[in-house]
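Have a look below at one chain only, the form predicted alone, in structure tokens format.
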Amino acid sequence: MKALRTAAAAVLIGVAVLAAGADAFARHDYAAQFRDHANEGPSRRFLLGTDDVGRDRFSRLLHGVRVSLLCAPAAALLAIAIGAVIGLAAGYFGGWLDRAAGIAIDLFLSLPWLFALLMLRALLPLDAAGWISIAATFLLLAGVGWASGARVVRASVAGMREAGPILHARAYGCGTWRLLWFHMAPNLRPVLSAQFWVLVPVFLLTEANLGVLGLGVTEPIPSWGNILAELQNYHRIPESPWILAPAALLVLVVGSLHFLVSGRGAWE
């Protein structure tokens, strides 16, 4: 099993290297249209063929993976930061703040994520500039994804609040904020790390769903989601199976992430 985890790590590193070097590895600009070569199959010039308007699928895949692999972890970090702040405050201070945080956490956890994101994203202009749509999409992901981390942090801090070292530090006159950030927060790193690695594949898949529905990153900037939108015309798959490459790569990356994270403790 260690060999399989090593293989999963190698896959993730390889995909990350390809995405980071998209400008070097891609033979064409992701937005360049070769109208005379629209809907061509794979060739030496176009490794994964071209789409309906003659854009190189391989170039778009590399740049789309880069957008998704940069923004999903960034959104996960933001969600974890929001959850950590809310969980720390609620778990330590208790009282009405804890009750209000508990209600907010339960509300966000009970929301159907995808439908809430669809509604919120639909309220934004669908013709927004590409980078604005990227920021909007992943800020929305972070805005609805913080609750699970906040619940775990809140429970951890509530249990830690009366622990001996914390009482000792308080008795020596340690201030509240110093107590939170220098004594409690470092002990939450394993919890926050686990939440981060859970959220990254979730955000990758959620962005892919939004993109397929036309509510993710807007053209011409590619992302995993709007590249997968081509699969809506599923009748073309038997005659053009290479259009499945983005879906296969997404499954491979998400599967590698899950296997690498969940298998670490189980097999060692």
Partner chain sequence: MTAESGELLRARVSVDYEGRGAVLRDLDLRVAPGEIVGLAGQSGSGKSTLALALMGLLDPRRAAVRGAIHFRGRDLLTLPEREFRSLRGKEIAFVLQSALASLNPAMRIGAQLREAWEVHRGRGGDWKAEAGAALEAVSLPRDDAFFRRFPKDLSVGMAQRVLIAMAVLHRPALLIADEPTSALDVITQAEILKLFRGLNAAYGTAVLFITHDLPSAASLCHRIAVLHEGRIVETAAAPEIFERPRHPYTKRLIEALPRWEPAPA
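These figures come from a predicted structure and were not determined experimentally. Residue numbers count along the first chain shown, from 1.
Beyond what is shown, the protein has a form predicted in complex with the partner chain; the following relates to that form.
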Partner contact for residue 92 in the model of the complex: the partner chain, 4.5 angstroms, heavy atom: yes
Residue contact check: residue 175 to the partner chain in the model of the complex, 4.5 Å heavy atom: yes
Any non-hydrogen atom of residue 183 within 4.5 angstroms of the partner chain in the model of the complex: yes
Residue 170 within 4.5 Å of the partner chain in the model of the complex, heavy atoms: yes
Segment assignment from 79 to 87, 114 to 122, 93 to 101, 140 to 148: heavy atom within 4.5 Å of the partner chain in the model of the complex: 93 to 101
